[in-house]
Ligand SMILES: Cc1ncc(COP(=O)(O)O)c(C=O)c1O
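Taking the form predicted on its own, here's one chain by itself in structure tokens.
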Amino acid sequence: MDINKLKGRLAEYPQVELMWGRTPIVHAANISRELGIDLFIKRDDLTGLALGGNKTRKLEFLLGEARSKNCDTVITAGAVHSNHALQTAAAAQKLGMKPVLVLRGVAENKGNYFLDRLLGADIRVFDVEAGGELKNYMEEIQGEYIAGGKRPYLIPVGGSSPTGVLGYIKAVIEIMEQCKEMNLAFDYLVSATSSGGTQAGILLGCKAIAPGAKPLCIGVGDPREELLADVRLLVEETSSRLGLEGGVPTGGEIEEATIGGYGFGGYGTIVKEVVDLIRSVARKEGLYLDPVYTGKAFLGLMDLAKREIIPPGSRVLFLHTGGLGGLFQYEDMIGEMLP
């Protein structure tokens, strides 16, 4: 598909401006030498909103839609450490909307939860095991706000809806424009995947305008079959909206792109292997990964390269989706794993 045609399709959807601009692509020279690949990092941890991160791209479309519907309140959900919740709260306040965060876990005055409080969000915390269990609470709170005369807009966990997926199709366009300017062509595009929205956008974008770049989306501990089902549905619904028939990833392609084995027992588990990797990358490249998403995905990337599943000499782009607050959310646990 022509890149300008895809841009035109995306421009038909309401958007708000939250990004500082394009995020840089930087060369990871030391780790490239270590792994025998040519590794670059797309710094989507530098999107500019709150602590930065990939959710900003989705929120440009999600809150654009909320504004077009004259909503004055935004309700979303996630774990207590949720980067998505923090970025949603920051974006909503910036745009004059009330943020309501429906979180699971235990409220501790640290990390992203502390920053949510500084933003003045209405925070409700529930002791449930999975993000899907928060949906009923979201709907109850939505009713509460409607009864109070408000017009709430609901955003699912991770911003992973067909509207949110548009943000990462747009990101692939940005990457391809940067590649042209930098005279680069990537063999692989590697990212973390959890709620599926970022993955769906990458898959659709690559299929449409970057067929030479193979997506590898590394699961961070969510049940694989649930993740695959979510991604398939998001791909189908989003491609239908944009009219991408003929350029839609197949079920087999989605499965091949979804890499398991690096979740370490489940979503949100903090393990020494990942903490050690975070320390190593910080010392070699001067940037921080987080223990829930990017640390696990980067560990997966390195293992795939060492096992030559990513062949030697490959040019690889790693998508840094942010998550700095996670280091402070779990600082006590991480501190115990340091020498």
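What you see is a predicted model, and the numbers here were worked out from it, not measured in a lab. In case it trips you up, residue 1 is the first one in the sequence shown, and so on.
Not pictured, yet referred to below: the form predicted in complex with this ligand.
**Student:** Residues in which of 116-124, 188-196, 140-148, 98-106 have heavy atoms within 4.5 Å of this ligand in the predicted bound form?
**Tutor:** Residues of 188-196 come within 4.5 Å of the partner.
**Student:** When the contact criterion is heavy atoms within 4.5 Å, does T163 count as touching this ligand in the predicted bound form?
**Tutor:** The answer is no: T163 has no heavy atom within 4.5 Å of this ligand.
**Student:** Would you classify T23 as touching this ligand in the predicted bound form, given a 4.5 Å non-hydrogen atom cut-off?
**Tutor:** Heavy-atom contact with this ligand at 4.5 Å: absent for T23.
**Student:** With the partner left out of view, is F298 within 4.5 angstroms of this ligand in the predicted bound form by any non-hydrogen atom?
**Tutor:** Contact with this ligand, no.
**Student:** My question is simply whether K58 lines the interface with this ligand in the predicted bound form - judged by any non-hydrogen atom within 4.5 Å.
**Tutor:** Yes, K58 sits close enough to this ligand in the predicted bound form that at least one of its heavy atoms falls within 4.5 Å.
**Student:** Could you pull out the residues of 308-339 that have any heavy atom within 4.5 Å of this ligand in the predicted bound form?
**Tutor:** The stretch touches the partner through T321, G322, G323.
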